[in-house]
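The chain below stands alone, shown as structure tokens; this is the form predicted on its own.
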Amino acid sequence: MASETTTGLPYADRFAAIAATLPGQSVPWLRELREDSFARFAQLGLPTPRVEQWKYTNLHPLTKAGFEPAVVNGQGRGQIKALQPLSSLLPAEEPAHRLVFVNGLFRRDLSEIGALPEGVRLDGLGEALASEAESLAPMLGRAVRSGDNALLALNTALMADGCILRIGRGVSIDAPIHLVFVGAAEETALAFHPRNLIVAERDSRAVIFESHVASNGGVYWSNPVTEVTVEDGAEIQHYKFQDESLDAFHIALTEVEIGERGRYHSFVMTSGGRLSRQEIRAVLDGKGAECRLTGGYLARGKQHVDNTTEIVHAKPHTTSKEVYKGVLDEQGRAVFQGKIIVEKDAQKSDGHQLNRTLLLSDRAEIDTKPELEIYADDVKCSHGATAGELEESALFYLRARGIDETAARRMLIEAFLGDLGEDLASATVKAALQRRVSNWLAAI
């Protein structure tokens, strides 16, 4: 139902035709969940800039793209035959358990899952929904608290596949899990809605590496939702690189619940997509829980990149640290909305947030909105945001030592972004970050 705060999405009207082909549709609770979620989306509609959380990001282009569903009669559209041609787009990495998804659908023939420790489940969601949906009932929606999120509702209604990762109590996975999501649209604009479930049981450990890439140009919309549950004493390191087609839309939501002494460390690097939004909502729901969010973004042309986060300190002695830094050129636009909420019983909480943006053009734009919402009286919290150009004095210093202007500018930009890697535990991710920045700067 369209209003000043919402707008309709013509693509979603095809839900009735799509629904019958989705895996697990014969299971009553799943069918009811999808139907309720679609009704919720129809009620909410796509948010407009009149909604506070979407004030700086306009989704109106989604209504004009003429999207077709990526799944028709249970089959995927826009397929690829091999992953090899994409190898130059993927970051070099150590051996990993690799799951490949093409337009949101799991491709076991392109995946490489090695021997896993006992107590670990790593699988495609679509296969599990089709064969054992009842076992997923306790997991699906476990970490979700954003009941008013229209795109979450649409994802739940139309989810056809994704990743299931469940790590048993006390289990550590030595090799990282690499999830490769490939957009492969050609003449038809496609939309897909992956759903990922990650559960780290008590005292378990895992590293998850996410790549979002395109096999070619073309218009497509990826609307992934990832649920992460970090139980007491568990640790998840979650690294994501978004390198979608420059004609693509990428609207992602990650919901995280962290138990006592649990740790969730996230790093998100955005350099692709025409319009992208990475929303992370984390609840520190146990004493001593820790959440660290780090992000980098690079945008030029008319790219629009939105990072929106919310960290809730729900229990005492919890810690959060959040640092997002980006570089914008030409008419690139970025949005940072970061909120830290400290509930009244969360005494001794410690939360810090920082957003810094470097503008290389007078046409580039950053909208930044850091927020603190504190209901406890014994906490340490801070937030800050800066935006500006390259320092002329630093540029002059390098030029005076015989470094040409282009090289000097690149050195200063690399230094500005370089400290994003300081807190990263993975050398592979640090190298991938450096490579992304170097490749992007090469076009300046």
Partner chain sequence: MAASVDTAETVQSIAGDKYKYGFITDIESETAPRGLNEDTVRFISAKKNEPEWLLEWRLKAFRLWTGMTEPSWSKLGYPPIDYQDAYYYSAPKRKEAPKSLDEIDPELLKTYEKLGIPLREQEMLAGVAVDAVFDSVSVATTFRKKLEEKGIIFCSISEAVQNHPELVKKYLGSVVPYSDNFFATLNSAVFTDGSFVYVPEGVRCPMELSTYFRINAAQTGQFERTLIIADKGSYVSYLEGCTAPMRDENQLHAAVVELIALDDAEIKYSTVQNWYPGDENGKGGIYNFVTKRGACRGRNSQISWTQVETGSAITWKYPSCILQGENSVGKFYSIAITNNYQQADTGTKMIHIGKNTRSTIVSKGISAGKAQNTYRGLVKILPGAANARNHTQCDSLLIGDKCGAHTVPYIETRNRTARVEHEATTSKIDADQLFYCMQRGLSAEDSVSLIVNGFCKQVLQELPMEFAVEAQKLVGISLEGSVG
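Numbering follows the first chain given and starts at 1. Not measured: the values here are computed from a predicted model.
Only in words, not in the display: the form predicted in complex with its partner chain, which the text now covers.
Partner-contacting position among S172, S146, S361, T188 - heavy atom within 4.5 Å of its partner chain in the model of the complex: Of S172, S146, S361, T188, the residue with a heavy atom within 4.5 Å of its partner chain in the model of the complex is S361.
Heavy atom within 4.5 Å of its partner chain in the model of the complex - residue from D404, D377, D419, E32: Flagged contact: D377.
K287 within 4.5 Å of its partner chain in the model of the complex, heavy atoms: Contact with its partner chain, no.
Can you check whether K369 is within 4.5 Å of its partner chain in the model of the complex, heavy atom basis? Looking in the model of the complex, residue contacts with its partner chain include K369, since a heavy atom lies within 4.5 Å.
Is L412 a contact residue for its partner chain in the model of the complex, using a 4.5 Å heavy atom cut-off? Judged by the heavy-atom cut-off of 4.5 Å, L412 is well away from its partner chain in the model of the complex.
Can you tell me whether R399 touches its partner chain? I mean in the model of the complex, with a 4.5 angstroms heavy atom cut-off. No - in the model of the complex, heavy atoms of R399 and its partner chain never come within 4.5 Å of each other.
One stretch from 127-135, 369-377, 172-180, 110-118 that, in the model of the complex, holds residues within 4.5 Å of its partner chain by heavy atom: Selected range: 369-377.
Sequence-ordered residues of 327-346 touching its partner chain in the model of the complex, heavy atom within 4.5 Å: Residue within 4.5 Å: K344, and no other.
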